[in-house]
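Just the one chain here, the form predicted alone, laid out as structure tokens.
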Amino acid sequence: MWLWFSKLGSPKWFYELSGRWLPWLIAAMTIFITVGVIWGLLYLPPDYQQGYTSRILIVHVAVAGTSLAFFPLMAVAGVITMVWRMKLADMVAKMAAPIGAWFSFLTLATGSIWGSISWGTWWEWTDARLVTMLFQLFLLLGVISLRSALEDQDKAAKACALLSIVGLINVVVIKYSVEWWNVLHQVASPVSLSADSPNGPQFWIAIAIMIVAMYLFLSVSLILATRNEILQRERRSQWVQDLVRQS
């Protein structure tokens, strides 16, 4: 197991292995996104209370749920970097930050569109979930800025790892904010595939498809970005120079 873990930390091995994964991941991502978007935005029946506005939630819930995965990922990668000094883990943590920032921005954007219709307002500062999600976006932008400000990669990795742990705490607050405080956001509805449930099985199946699609999109984006970072950092390595000559 430790041998496999050590091998996984090799940039060269990851680059070669991910090259074999990518076509399958891209194909699966394309299928799930296509099915999810067409089903969720064109064929999903109107909600009994929200009408066709509920279709926005198909994208919003999937993007919002995926956005919460970035700080845990970055925190784990940061700890691995500090304890085992794996360069690949630091590359993953670095590349995850800008992708996570886009996911957080899209979460706020789609949520504001839905809120403008359902709540009658684009933004509400008293809503803890909205504010903590905005704080997550600022933390991710802070990680990106910190990387750019520090020239020493070791110091940048440690500083960003510590900031990622703060972001991990904020993820917990985002998750339970609707239970801890009285906010506009409602408590998560129980998942039910029964035809008698308020949302209906079609709604939950569409959300499940979009969640899988977003995680596949996250995986593809992160792998592509990490591969580019590997080539940048390992550009003086013999295997990268051989790869350039072959191409």
Partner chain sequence: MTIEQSTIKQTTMAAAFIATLKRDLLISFKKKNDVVNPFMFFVIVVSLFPIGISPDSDRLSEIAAGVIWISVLLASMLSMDNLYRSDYEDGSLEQLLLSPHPLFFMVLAKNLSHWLVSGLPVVLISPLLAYMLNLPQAAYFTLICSLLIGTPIMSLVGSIAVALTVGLGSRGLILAVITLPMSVPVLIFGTLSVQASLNNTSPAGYLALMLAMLAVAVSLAPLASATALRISVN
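Just so it is clear, the structure is predicted and the values come from calculations on it, not from any experiment. Positions refer to the first chain, counted from 1.
From this point on, the text means the form predicted in complex with its partner chain, which you will not see here.
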| 4.5 Å heavy atom contact, V178 to its partner chain in the predicted bound form | yes
| query | Using heavy atoms and a 4.5 Å limit, would one call G142 a contact residue for its partner chain in the predicted bound form? | reply | yes
| query | I80 near its partner chain in the predicted bound form, any heavy atom under 4.5 Å? | reply | no
| request: State yes or no: in the predicted bound form, is some non-hydrogen atom of A75 no more than 4.5 angstroms from a non-hydrogen atom of its partner chain? | output: no
| query | Is any part of 14-30 within 4.5 angstroms of its partner chain in the predicted bound form by a non-hydrogen atom, and which residues would that be? | reply | none
| query | Between K175 and F135, do the C-alpha atoms lie closer or farther in the predicted bound form than in the shown form, with a difference of 3 angstroms or more? | reply | closer
